[in-house]
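For reference, the chain that follows is the form predicted alone, supplied as structure tokens.
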Amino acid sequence: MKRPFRARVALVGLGPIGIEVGKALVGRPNVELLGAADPAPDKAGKSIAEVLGSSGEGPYVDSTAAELYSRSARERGKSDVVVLCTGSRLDSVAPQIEQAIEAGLHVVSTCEELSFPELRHSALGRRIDERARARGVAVLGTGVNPGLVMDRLALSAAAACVRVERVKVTRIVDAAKRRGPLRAKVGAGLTREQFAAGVSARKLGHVGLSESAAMLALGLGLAIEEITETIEPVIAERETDGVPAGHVLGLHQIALVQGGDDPRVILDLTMAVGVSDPSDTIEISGDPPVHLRVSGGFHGDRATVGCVVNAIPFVVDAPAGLHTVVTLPLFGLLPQEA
């Protein structure tokens, strides 16, 4: 029987996801909030309870992670974790990850490129792995996508197959039902020209689709000859939820893993305002074939919070180093009771 799980968690980045992670952890008898950090004037200096809208006193929100880590340094334990919700690009988030490692904390981050650094930032990923091993802590990037729907869940479904020839995962998300930052990320309301400029500047588009494709291919034992990714706008034929006809409703993004003449992994993502029939679908061509459909799809924000929170005990118990969601056994929930 495993020992009772307990952890102390620090929150760095109190945007919409960071706040919801905090709310999900408040009141759990096996989790103590060490503190939080966010430079925003409407958060720094206030109590965590006030920022999260919960009862009680609790620690105050520091303006920097350095202040948070310094304040709690004397009490540092082996089950201390930082949940880092600050950015999608690894080159900008890496210093924050390394700062947490140096402070002796495990790291669970929503940084999409951290989910599989080997694809775009192999040297940076190796450095993070080396520093985590040296400090005796574990690091993981996770969320709903990458982290679940288009990689880990598809691999779990493929476990029912004797042979797999091709995997296609289709995710359709109604951006009208999601938080404001997602609508901005998919370019809702822009002109075609503004959308194209935003894609070129790497300001638009879903980060992490190719990372999911790479993890899925490797998990299936497929050689990765090439990964290609395309992003196209979804254009409104008529006024839709405040978006004028002829303007952008969102995006259609595809990542392909080539194997020979045909793609072996196809990840097809549509995130747009007003899409009909949102859903998540996994289609596996193999023996036997598999067709798995989630009507309505996984709720991006809430499922991300769940993936992050439920990863905490597995990261605490993991060997030191950098992990991925397809190499760490993430099966189970954060214990509800002490």
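Because the structure is a prediction, the values reported are computed rather than measured. Residue numbers run from 1 along the displayed sequence.
What comes next is about the form predicted together with a further copy of the same chain, which does not appear here.
(message) For the interface check, one of 114 to 122, 96 to 104, 148 to 156, 242 to 250 should have non-hydrogen atoms within 4.5 Å of a further copy of the same chain in the model of the complex; which one?
(response) Single hit among the candidates: 148 to 156.
(request) Tell me, out of Ser54, Asn310, Ser47, Thr64, which residue has a non-hydrogen atom within 4.5 angstroms of a further copy of the same chain in the model of the complex. (result) Contact check passes for Asn310.
(request) Could you spot which one of Ile235, Ile224, Ala196, Cys161 gets a heavy atom to within 4.5 Å of a further copy of the same chain in the model of the complex? (result) Of Ile235, Ile224, Ala196, Cys161, the residue with a heavy atom within 4.5 Å of a further copy of the same chain in the model of the complex is Cys161.
(request) Find out whether any non-hydrogen atom of Val326 is located within 4.5 angstroms of a further copy of the same chain in the model of the complex, and reply yes or no. (result) Yes, Val326 is a contact residue.
(request) With heavy atoms only and a cut-off of 4.5 Å, decide whether Ser276 touches a further copy of the same chain in the model of the complex. (result) Judged by the heavy-atom cut-off of 4.5 Å, Ser276 is well away from a further copy of the same chain in the model of the complex.
(request) Give a yes/no on whether Val305 approaches a further copy of the same chain to within 4.5 Å in the model of the complex, heavy atoms considered. (result) Within the cut-off, so yes.
(request) Using a 4.5 Å heavy atom cut-off, state whether Gly219 contacts a further copy of the same chain in the model of the complex. (result) The answer is yes: Gly219 has a heavy atom within 4.5 Å of a further copy of the same chain.
(request) Any residue of 265 to 289 with a heavy atom within 4.5 Å of a further copy of the same chain in the model of the complex counts; write them all down in order. (result) Asp287, Pro288, in sequence order.
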